[in-house]
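First, one chain by itself: the form predicted alone, in structure tokens.
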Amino acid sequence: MTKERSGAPARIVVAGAGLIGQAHIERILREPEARLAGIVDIDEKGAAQASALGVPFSKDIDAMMENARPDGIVIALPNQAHFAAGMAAVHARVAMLMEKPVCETAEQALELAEAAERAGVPVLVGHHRRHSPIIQRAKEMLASGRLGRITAVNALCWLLKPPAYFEGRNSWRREPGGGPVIINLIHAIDDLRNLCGDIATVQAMTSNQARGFPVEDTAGVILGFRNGAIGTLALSDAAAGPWSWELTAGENRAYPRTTESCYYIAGSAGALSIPRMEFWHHGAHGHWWTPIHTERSSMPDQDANGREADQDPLANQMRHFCDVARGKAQPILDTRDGAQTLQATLAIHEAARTGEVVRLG
């Protein structure tokens, strides 16, 4: 089905032409609501790509903002560059899609939020699963009350990364700040915040015994939600298994798809597996001695506007960002909300280091 046009395409610059930057460039190029307005990168490969696509190139964000004057900028630079790049976008009064994590620290994120709010610059944080039809359907199920009061949550994030993932220009992934907690588990933290509410406490243990790198490869986490629910997360990027979002959701064809689930949410009236969307319940007034039933929730074929539903969260996110950049929508996840996900994720390292319960403000 052809998407309806909603005005002139939003002119979008991409800063950072690495792996995730390429994913954004690909979505911009195939999205009728967007137009690639330039590429910012320090690598000559970025310059070559910009030349091939016929768009401006610069190694400097400020220069690109001045010359291209885009409607929006995607910041897909290394984590340590997020704050400075975000402040540059604020100074230029350009809407931004800031890749996760929003900044290196929650303090930086809040400073960026305050600056953006003063300047009237919208910031969409790139936790792309907020735009996943699977997550959105799960949230609808939880909001319906069919599960009753949420009591328990379990999430699995087991990945087997190859040696090449840590070699060459990617050797930074061996060091603190490049581990699976901030790269992978932050997505699960945001998913659970989105589905189950804010997190109040964090307990954790981490280990680097599988590879011996300075950074963790495995973590176990206990989350206390403000609504009283308790959640457990098991993470390892040195674990062979079918239980991770990448392998179960089927949203990214780079990963082989399994038929398993990786999130389980239970309440007083039923339980939900995600992404299989199986709802388990004992029926009215049932309990563990009465039969348990299962129902499979179907995914919608159309979005809220009656268009064919896009199962690619990154494409949905880009379409939403175009609306944000043109002033047609508010960010579905802004800097302050993204800062809460970052704070909860960083608390895992603090809890593991101290052995204490970390209480979030």
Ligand SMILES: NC(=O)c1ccc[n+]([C@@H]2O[C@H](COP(=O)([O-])OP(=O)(O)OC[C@H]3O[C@@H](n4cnc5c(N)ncnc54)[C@H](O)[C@@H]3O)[C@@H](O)[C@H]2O)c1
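The model shown is predicted, which means the values in this text are computed figures rather than measured ones. From 1 onward, residues are counted along the sequence shown.
Omitted from view is the form predicted in complex with the named molecule, to which the following refers.
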item	value
Heavy atom within 4.5 Å of the named molecule in the predicted bound form - residue from His293, Lys45, Lys328, Arg296	Lys45
Heavy atom within 4.5 Å of the named molecule in the predicted bound form - residue from Gly72, Gly231, Gly126, Gly270	Gly126
Heavy atom of each of Met141, Arg193 and Arg276 within 4.5 Å of the named molecule in the predicted bound form	no
Glu99 within 4.5 Å of the named molecule in the predicted bound form, heavy atoms	yes
Non-hydrogen atom contact Arg146 with the named molecule in the predicted bound form at 4.5 angstroms	no
The named molecule contact in the predicted bound form: Lys161, any heavy atom under 4.5 Å	no
Any non-hydrogen atom of Ala89 within 4.5 angstroms of the named molecule in the predicted bound form	no
Among 213 to 221, 76 to 84, 280 to 288, 116 to 124, the region lying within 4.5 Å of the named molecule in the predicted bound form by heavy atom distance	76 to 84
Stretch 132 to 160: residues contacting the named molecule in the predicted bound form, 4.5 Å heavy atom cut-off	none
